[in-house]
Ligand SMILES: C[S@@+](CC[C@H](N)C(=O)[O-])C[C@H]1O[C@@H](n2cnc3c(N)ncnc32)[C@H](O)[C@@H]1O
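As structure tokens, one chain now follows by itself in the form predicted on its own.
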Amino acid sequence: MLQDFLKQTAYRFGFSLRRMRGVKTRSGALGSASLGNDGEALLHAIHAVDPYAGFAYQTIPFEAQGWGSQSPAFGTLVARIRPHLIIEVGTWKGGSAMEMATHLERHALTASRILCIDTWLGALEMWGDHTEADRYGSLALKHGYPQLYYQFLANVCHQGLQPRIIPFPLPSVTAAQWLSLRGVRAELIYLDGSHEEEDVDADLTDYWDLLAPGGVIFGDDYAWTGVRMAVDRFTAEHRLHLEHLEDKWLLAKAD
């Protein structure tokens, strides 16, 4: 595609394709109570009804295919940070969220929760090749609409991790606005959504503001050009130290 060719040519010569982002505006009100890192309160603030209640997960076989979801970095960071709240942006079938949940249980962090933010509609690269079973095929289209969300719910239920994992089916920018308005702060934030430079840039900016002091924001796919460009620029602009742990990049916020 012409757009892909132009993007790769720009990257090759070191040019950024980041869109200039306007000043955020906040409209409306979601209540004055600050949720902080209280996962239980966050669940009830998002969902009037338990999203797992009455879900016939037994009709959907367990299938947690993903990329990088078994990384040792998850266990290392959970042990180091001991978070009350983890935010994951980009969940797919829930592999990494379930991996982090098992580490929360291993360290007896009984009150800790994971908020999973995704549209479950698939990233840009998922819609490219109709013959690619791992990506396009995994969308499980029904009348043209992806069924990924139900596979994610089923996977969580099969593992008995419903008390740990809170689904939040929204675009990352909208979810960040909602969380900001409710005063949410997480000690550990995992970014694994879009790989496009402007999207990664937006997620870094929005979710850095939601990171608690002393917390860590980290992500996958640093080898992707768009991810690397956004992460490197954000690191330089905020005078941070970029670290690499196993297959993840990470940035820590000062106390």
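The first residue of the shown sequence is 1; numbering continues from there. Bear in mind that the values here come from a model prediction, so they are computed numbers and not experimental data.
One more form of this protein should be noted, the form predicted together with this ligand, which is absent from this view; the next part is about it.
Note that among 102-110, 77-85, 115-123, 154-162, the stretch whose heavy atoms approach this ligand to within 4.5 Å in the model of the complex is 115-123. For the candidate spot formed by 90, 96 and 170, every residue has a non-hydrogen atom within 4.5 angstroms of this ligand in the model of the complex. Residue contact with this ligand in the model of the complex: residue 39 places no heavy atom within 4.5 Å of it. Heavy atoms of residue 219 never reach within 4.5 Å of this ligand in the model of the complex, leaving it off the interface. Mapping the unseen interface onto this chain, residue 67 counts among the residues with a heavy atom inside 4.5 Å of this ligand in the model of the complex. Among heavy atoms of residue 192, some come within 4.5 Å of this ligand in the model of the complex.
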